[in-house]
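Below sits a lone chain in structure tokens, taken as the form predicted on its own.
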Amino acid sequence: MNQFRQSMYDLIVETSTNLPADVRKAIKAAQEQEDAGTRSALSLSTIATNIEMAECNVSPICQDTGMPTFIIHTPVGANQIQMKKDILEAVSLATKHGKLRSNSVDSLTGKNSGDNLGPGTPVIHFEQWERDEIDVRLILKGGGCENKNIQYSLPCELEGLGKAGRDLDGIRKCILHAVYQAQGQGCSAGFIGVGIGGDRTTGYELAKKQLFREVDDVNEIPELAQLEEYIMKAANQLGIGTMGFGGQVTLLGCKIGVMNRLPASFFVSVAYNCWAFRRQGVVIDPATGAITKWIYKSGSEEPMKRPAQKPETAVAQGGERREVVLTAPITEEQIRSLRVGDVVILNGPMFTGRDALHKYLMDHDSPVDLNGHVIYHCGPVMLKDENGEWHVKAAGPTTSIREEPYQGDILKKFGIRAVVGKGGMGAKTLKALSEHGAVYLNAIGGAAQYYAECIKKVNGVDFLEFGIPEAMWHLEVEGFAAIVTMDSHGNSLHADVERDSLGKLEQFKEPVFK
């Protein structure tokens, strides 16, 4: 097994940088369903470009490489202790090389381990079987979509759908509600794995295991095959669309599994996964540790349809919304001229800021003057070269709603004019945008290579002690495109889409399966 560590490293790199063929096929089908020139069409074009860039650059598709989760089947007698050591070394090396972001954080101190190793990380599940080969599956599921996982205990009352009972129709309602509640915060259009039954722990495990199924397979249980087909049709009538911008495609795949339960418990567990559906697997020779087969077809076999022009330009020419170029520092007058739907092209300085920085700024001064500037909700993948200079390897937006308790206060305190993120923010931030004169710009979630190319220089960094994802990076950007989804006049595309999708959800209130 002297080649096992290298095989695990190769598996990590392929999973992080090259989206499998079945996932690409589903995204291409979504592109064909969306109307040209819409916000969702723009998003899907950007996604397609990003997928190809990640493969070409051998860099992370999305900067949030999540919690690496391995599911391994081994023959009787395989040395699982040594295999685990090799996996840990491969994870650490992949992090060092920028194929994984350092995501392992001490839950008590907040300290980042820097190598993705620590209690509970990565997740490794072993199971013996009677075959001679070793089967290793890996999924990289980012925090944004992980936060939209949800578990229901039947019977329950669901917004827009009423009572969900302990039957197939109650399960149907839970799954539809799970898609609705995710909105654009989980980087829709997405995939869902559903676990019916079990206890609270095994239900979620079953749900995540469904994500290892092929996108186009058919459930061997007839009732579940029918339910999967129904959910795909119904969910795509909710109008949530890519990134929550509204549109024809909200769900790209639905896979459902079932297990026994206790009489007193009836759980429906839903694992939501973003469009950047990074999972891959290999078959390993138990004698040498070498890869003998890749389980999912490589993305190289399913090239994406890249647009002939930059997506933001295509939207502007399509006449749906106008395009505005801004260079920081930005004035209040410039901000007040923007409306929801405008495409903004940012040039000049930009500063990253996530959870740790927002918490810090509530009670402290900023190390730099933020008046008129842009805060980017982003935890990039960064590497330092031999000369000590930092380089951006991946830099897509993180989910913004986590900063809702802080954002409005920080906008006013420091004079920030624009916030860039994904998924939108809530009523407190919307009120602050109006009072202060600022906007929220929605970048395309998961498009880490697309946006990294817009970053021309790293001017500096503060709070590196927070860890690379949480540090405040001083960036110089050029041609950074995002869409105004919350403006300074009290308008929010996110609130509009959520309200409209709730109305559409209510049409599925009546029983379907009896």
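Keep in mind that this is a model prediction, so the values were computed, not measured. Counting begins at 1, following the sequence as shown.
What comes next is about the form predicted in complex with a small molecule, which does not appear here.
Participant: Although the small molecule is absent from this view, report whether residue 421 comes within 4.5 Å of it in the predicted bound form, heavy atoms only.
Facilitator: The answer is no: residue 421 has no heavy atom within 4.5 Å of the small molecule.
Participant: With heavy atoms only and a cut-off of 4.5 Å, decide whether residue 46 touches the small molecule in the predicted bound form.
Facilitator: Answer no; every heavy atom of residue 46 is more than 4.5 Å from the small molecule in the predicted bound form.
Participant: Though only this chain appears here, would residue 379 touch the small molecule in the predicted bound form if you measure heavy atom gaps against 4.5 Å?
Facilitator: Yes, residue 379 sits close enough to the small molecule in the predicted bound form that at least one of its heavy atoms falls within 4.5 Å.
Participant: Does residue 398 make contact with the small molecule in the predicted bound form, using a 4.5 Å heavy atom cut-off?
Facilitator: Because a heavy atom of residue 398 falls inside 4.5 Å of the small molecule in the predicted bound form, the answer is yes.
Participant: Have a look at 373, 393, 402, 209 for me and say which one sits with a heavy atom within 4.5 Å of the small molecule in the predicted bound form.
Facilitator: Only one option qualifies, and that one is 402.
Participant: Which residue among 354, 173, 417, 99 has a heavy atom within 4.5 angstroms of the small molecule in the predicted bound form?
Facilitator: By the 4.5 Å criterion, the partner-contacting residue is 354.
Participant: Where, among 216-224, 431-439, 382-390, 139-147, do residues come within 4.5 Å of the small molecule in the predicted bound form by heavy atom distance?
Facilitator: Residues of 139-147 come within 4.5 Å of the partner.
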